[in-house]
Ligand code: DGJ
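Given as structure tokens, the chain that follows is alone and in the form predicted on its own.
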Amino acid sequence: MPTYKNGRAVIDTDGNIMHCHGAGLLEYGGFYYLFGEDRRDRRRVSCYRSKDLVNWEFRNICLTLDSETKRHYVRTDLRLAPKNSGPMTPEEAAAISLQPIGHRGANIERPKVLYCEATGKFVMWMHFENGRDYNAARCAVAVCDTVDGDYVYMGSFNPVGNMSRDCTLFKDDDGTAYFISSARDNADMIVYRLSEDYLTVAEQVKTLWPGQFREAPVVFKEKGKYYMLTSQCTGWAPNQGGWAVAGAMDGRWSSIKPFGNETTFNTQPTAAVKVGGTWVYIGDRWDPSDYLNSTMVYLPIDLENGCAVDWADEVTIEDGRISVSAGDIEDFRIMLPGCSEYLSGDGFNVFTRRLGYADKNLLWLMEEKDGSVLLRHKESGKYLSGDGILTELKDDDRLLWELGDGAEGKLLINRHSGKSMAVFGRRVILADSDDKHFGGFTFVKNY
């Protein structure tokens, strides 16, 4: 049975890791086509296709820094890469929150594709940045005669003079197409109706939730109602997703209500697809420590209970039906208060590290013993210990911890010394509760 394992790297039918992030999904000709970011070398947008949403066949790099260009819209910028552009330096990459994997040139995000019946063309809209910073905040358009061919880049621009960042496309039942994107430094979400050929903006239709700072929009329609999923704006860190509903794209939208858990199971919306009678949420699981390790998650949406989404380890899609399996996940990540640093270990030392979903040294197991808890480092099998000042991974009589309540999370109080775990720089130490480095910890289930 075709089974998708959530949050794990997907191997395509050629045996390679699939790179298709911030993706858009198009159903065409009996296939699902996935278009997404591929930032390796001079690549920008990759395309894969599948019959079952599980087994993906690589088709093409549809857009690169060397793609053919053709001007169409008024005052568009056709530049994708400067002359003699080469690999980014680590400093250049860090300035735009990337690992040094790309080349100088346009940064393309969240490509989405629609088929235009009026012209017989496939049209791609995307978020464009100049590759140096995030000041451009423009959308861009590309077009192709075939779904997975080489797209002709038609330039970037600010729609109706607005900034444009995270974006999506939606085609209604009558063929009317809409472009939805974050504007005003992400403070507003704007809906635009596109021209009949889908290549330009016809009008600005609606400004949604002004000043509420939403991004990562996804739109779908069910039983005459329009649903939009979005996330908050927290960079690479996941947050609580939100949903809203309306009777028309240009009508009155509801307020934003939460879906999923407080991190949307460590994902951010990128697409939605209907399998049988069930809509399925597709979310990016960004890995801030290694962009290329970012993966996707599929989770069924329960519209009868207000876009309810529950975690599932695996999703099986067969004969147009979807089923899920939710296993018992024992491991946790231990997050420091007020930041994206996590408790980590190397088999002996204990320190802090940025979130990396592939980093096994961030995972811990919690075991009860004698009314207290043991914290076992999953990768090394050793236990978190303390000698009254420093913490380390070992096996001795300083292994037991009490869980207390602190203002910023759970306190880890060492039963041997009576001191609480604290952080000094990247070192993890034991300190009295009035020490300035003292603070509570949050246990995050490793979805």
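On a predicted model such as this, the values are computed, not experimentally measured, just so you know. Quick note: we count residues from 1 along the sequence shown, nothing fancier.
One more form of this protein should be noted, the form predicted in complex with this ligand, which is absent from this view; the next part is about it.
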Here the chain appears without its partner; judged in the predicted complex, the stretch of 172-180, 137-145, 105-113, 252-260 with heavy atoms within 4.5 Å of this ligand is 105-113
Review point. Can you check whether W236 is within 4.5 Å of this ligand in the predicted complex, heavy atom basis?
Key: yes
If you check in the predicted complex, is W286 within 4.5 Å of this ligand, heavy atoms only?
yes
E215 versus this ligand, in the predicted complex: is there a non-hydrogen atom within 4.5 Å?
yes
field: Touches this ligand in the predicted complex: Q268 (any heavy atom, 4.5 Å)
entry: yes
Restricting to 156-176, the residues within 4.5 Å of this ligand in the predicted complex through any heavy atom are D166
